[in-house]
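There is one chain below, alone, in structure tokens, taken in the form predicted alone.
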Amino acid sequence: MSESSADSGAATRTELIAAGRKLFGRRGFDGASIRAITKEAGANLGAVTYHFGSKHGLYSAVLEEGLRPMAARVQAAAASEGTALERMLRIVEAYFEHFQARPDLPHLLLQEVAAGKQPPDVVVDILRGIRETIASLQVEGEADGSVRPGHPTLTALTVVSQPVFLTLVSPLLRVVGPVDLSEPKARRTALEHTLAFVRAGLEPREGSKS
């Protein structure tokens, strides 16, 4: 394959992921047809099969493209300086930062879960890695006294659920809040509120044994 052909193939793959992200987000997996995706991407009808093997392969690639950078942010926050609690709070900030650039990601991920479907294996592996990273901070926090005793996996779920949920319901928040998370001031307020909420939930209670 020539260099120009390789570049063209890479560009088509990128366009298909962008189109899949848009249409899966709007219509769900079942509602987004290969024909509609390839039309959106400006590609021929066989492009999805050629680059991803199937529509499910494209869906996996769309989620992986959004989740791997998030996992990298989580790893960087977990490896930073400070107590386990401080690093958990940085993970919350990392989620907010990532969702600011990818506000469609929670919906893309959870719409199939809500429908009772199993996420793609690559997604499960990435999420399992994130869970293990945060759960290890729970164990470390109990040892350094910065985090109260708790269930590591449930702690991991609790830490990430706040930014995930707020991002997921942000369109509703604009109506019933009114809180517009696209506005920097409102987003900062939501972040600070969430950090205080998570800190209060994880810090050892006064007088409790560490």
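A residue's number is simply how far along the shown sequence it sits, counting from 1. The model shown is predicted, which means the values in this text are computed figures rather than measured ones.
Absent from the display: the form predicted together with a further copy of the same chain. The rest refers to it.
Under a 4.5 angstroms non-hydrogen atom cutoff, a further copy of the same chain in the model of the complex has V176 among its neighbouring residues.
Remark: Y50 does not count among the residues lining a further copy of the same chain in the model of the complex, judged by a heavy atom distance of 4.5 Å or less.
Contact check for G201: a non-hydrogen atom falls within 4.5 Å of a further copy of the same chain in the model of the complex. Using a 4.5 angstroms threshold between heavy atoms, G82 stays clear of a further copy of the same chain in the model of the complex. Each of D30, P119 and Q162 places at least one heavy atom within 4.5 Å of a further copy of the same chain in the model of the complex. The listed set M70, L63, A41, L166 contains one residue whose heavy atoms approach a further copy of the same chain in the model of the complex to within 4.5 Å, identified as L166. The partner is not shown here, but in the model of the complex the stretch 178 to 200 reaches within 4.5 angstroms of a further copy of the same chain through a heavy atom at P178, V179, T189, A190, H193, A196, F197, V198, A200.
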